[in-house]
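The form predicted alone is given below as one chain in structure tokens.
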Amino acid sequence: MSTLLQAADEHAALEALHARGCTDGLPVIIPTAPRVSRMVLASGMDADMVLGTMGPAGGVATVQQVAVAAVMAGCLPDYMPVVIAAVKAVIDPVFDLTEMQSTTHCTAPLIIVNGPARHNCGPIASGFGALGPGFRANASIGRALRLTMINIGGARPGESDMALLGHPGKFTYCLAEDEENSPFTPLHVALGFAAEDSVVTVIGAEAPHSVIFSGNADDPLNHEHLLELLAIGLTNLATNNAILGNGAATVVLNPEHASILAGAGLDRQQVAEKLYALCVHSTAEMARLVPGFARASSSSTTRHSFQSPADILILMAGGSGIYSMVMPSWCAGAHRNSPSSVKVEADQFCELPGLSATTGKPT
């Protein structure tokens, strides 16, 4: 169970949390007992239910401790199903949380939400600026996961979180897929879930890399040029994906770019296959630029950046225009920085209508 701290007032409590290293450096909502209890109640689960352990400290994540993080992050009780699923996703051994928290690489858990939870547990933004400011659910859900990684997982910069510089996604990194407007099947369906399921997928990712493309609609090779540029952004020779040749990565297509690819008759799987084929590099060039990481190959003069097309996560989000985003990844760990997907068990969560997220009192 969580330790109950005492303070003269909320200002003193905030300063005490900062002094203890319990925050992400930004002000937090003070997790008073009533606020945490209401967040636990909203989960529909017992406070002492164990979700798993979080590295590198090996802290035990209980529902109550996750509720503490959710309160501190500014979550509404409605967000708890997604927060719980995100915590379960990073706890799954396939995510390599301990190694990811400890690496010197600039990686952070990107949370992708699919299914009805995008609306029922939010709304979680998927359109213009979805990864930027202005969306409470996106910001606080991603932040809640980070606070569990700090306070349960024990990640402290320069001590156990060894990212040399980090990136802003280590504060919060969360968006939904724009399923209603996408020409492709939703990501969670491609991953084997039912269309009606709500699913949280988490992958360790670098900050978004912008890919600019404004082609000629009359050019029959329009889609091919777009794919080439996406591949350059995704696994250029400065990325871990290219040099280590492992792991997964993420492509976030804007609506215009998704329409170009779909208009060329490509489905999600075919886009992934084409990107896989394009994400290939000369072993000689690797040996020249990064000899310490280049692996000898006696049979081939080239090397793929991914082991299969399935390693490339593709979704549609954002506003329509000339920019899409790609997120290369870390690629290391026992499971090669694999994505982890967890179904949101929304039916066991309780609604608490009329309660303030900041005071926990009826509004």
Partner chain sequence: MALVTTDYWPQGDFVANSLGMPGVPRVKLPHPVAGSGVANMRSIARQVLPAIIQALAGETPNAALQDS
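What you see is a predicted model, and the numbers here were worked out from it, not measured in a lab. Numbering follows the first chain given and starts at 1.
Just so you know, the form predicted in complex with its partner chain exists too; it's not on screen, but the next bit is about it.
Only one of 133-141, 161-169, 192-200, 253-261 places residue heavy atoms within 4.5 angstroms of its partner chain in the model of the complex, namely 161-169. At a distance threshold of 4.5 angstroms between non-hydrogen atoms, S210 is out of contact with its partner chain in the model of the complex.
Using a 4.5 Å cutoff between non-hydrogen atoms, P81 does not count as a contact of its partner chain in the model of the complex. In the model of the complex, at least one heavy atom of G154 sits within 4.5 Å of its partner chain.
When contacts are judged by a 4.5 Å heavy atom cut-off, N216 does not count as touching its partner chain in the model of the complex. With the partner removed from view, the residue among S102, T239, S182, N246 that has a non-hydrogen atom within 4.5 Å of its partner chain in the model of the complex turns out to be S102.
The contact with its partner chain in the model of the complex, taken as any heavy atom within 4.5 Å, belongs to A57 out of M325, V68, M45, A57.
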